[in-house]
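Quick heads-up: it's one chain on its own, the form predicted on its own, in structure tokens.
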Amino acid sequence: MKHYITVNDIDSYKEWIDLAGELKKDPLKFKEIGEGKTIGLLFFNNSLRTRLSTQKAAYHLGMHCMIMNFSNEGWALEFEDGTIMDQGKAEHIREAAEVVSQYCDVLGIRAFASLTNKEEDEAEMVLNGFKKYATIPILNMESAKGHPLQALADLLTIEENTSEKKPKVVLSWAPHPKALPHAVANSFVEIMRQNSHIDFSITHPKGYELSPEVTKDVPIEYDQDKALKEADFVYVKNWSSYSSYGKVLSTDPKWMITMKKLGKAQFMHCLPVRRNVVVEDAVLNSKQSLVMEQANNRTYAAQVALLKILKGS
């Protein structure tokens, strides 16, 4: 595998999940494979779990890490070809990507959607710019359209916490005061769709449909109570409107997840989460909450992806 850009880069879910399980038991099993190699992590947006888990995963594989908060430490980048750079942007992606390729063996990129221009966000200028001009493998640490490391950790968490042959998993929208990207929801939908042993559906208010290219034939239920009935896992996430791009159409508190709504299901969220807005305290503080397990699994998801990249390169 050259890059890990989307969950579509996973060639065998069973193999990757089994490998993650091995790494949880023995994190240093493959520490020799990364010895003498360096991973560069470029953050165009804030991070807690992604930064620390990817860094820890790299250390488990014997790699050195170089980290840069590009939004306030690097030069403003130009991504368009043929542009006369007489304004505020000081460096072109061509030079930046080639320079970083001389310093690193693998490059992680984190760059969120702007939520102001759908076409530009879907073009993934930052991620694809580095992919195009860098000469080293690229690891997607969340982009405008997807978060494949989170999705892999989510699938691992579900597999570890179910004994059902066909568990019922529901992705539920929840209210949030700010407009949030679609990346986490997109990748979770994609990875659920590709695992047919999971009974998967989505619930959200009308107007919050994700891209039809992502959801395809996934069942969508606008009645949250009906959707959550007899669920085994409830994955909760806010996202802004896709059709009215980047807009907050509703902050209806009735969509907040409560213990009553959750029932016997296990609760999932990628974090950070706004307590008593997205989900009530009682849910997060309960034994039904898997958010800490998801966060822990981020290390092993990143480690599997990096291991596949290192073996492929």
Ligand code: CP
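Throughout, we count residues from 1 along the sequence that is shown. This is a predicted model, so every value here is computed, not measured.
Below: the form predicted in complex with this ligand, not depicted.
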message: Only one of these stretches, 43-51, 254-262, 27-35, 65-73, has heavy atoms within 4.5 Å of this ligand in the predicted complex; which one is it?
response: 43-51
- prompt: Of Ile39, Ala57, Val279, Cys270, which one comes within 4.5 Å of this ligand in the predicted complex, counting heavy atoms only?
  reply: Cys270
- prompt: Hey, in the predicted complex, does His147 get a heavy atom within 4.5 angstroms of this ligand?
  reply: yes
Contact test in the predicted complex: His182 vs this ligand, heavy atoms, 4.5 Å: no
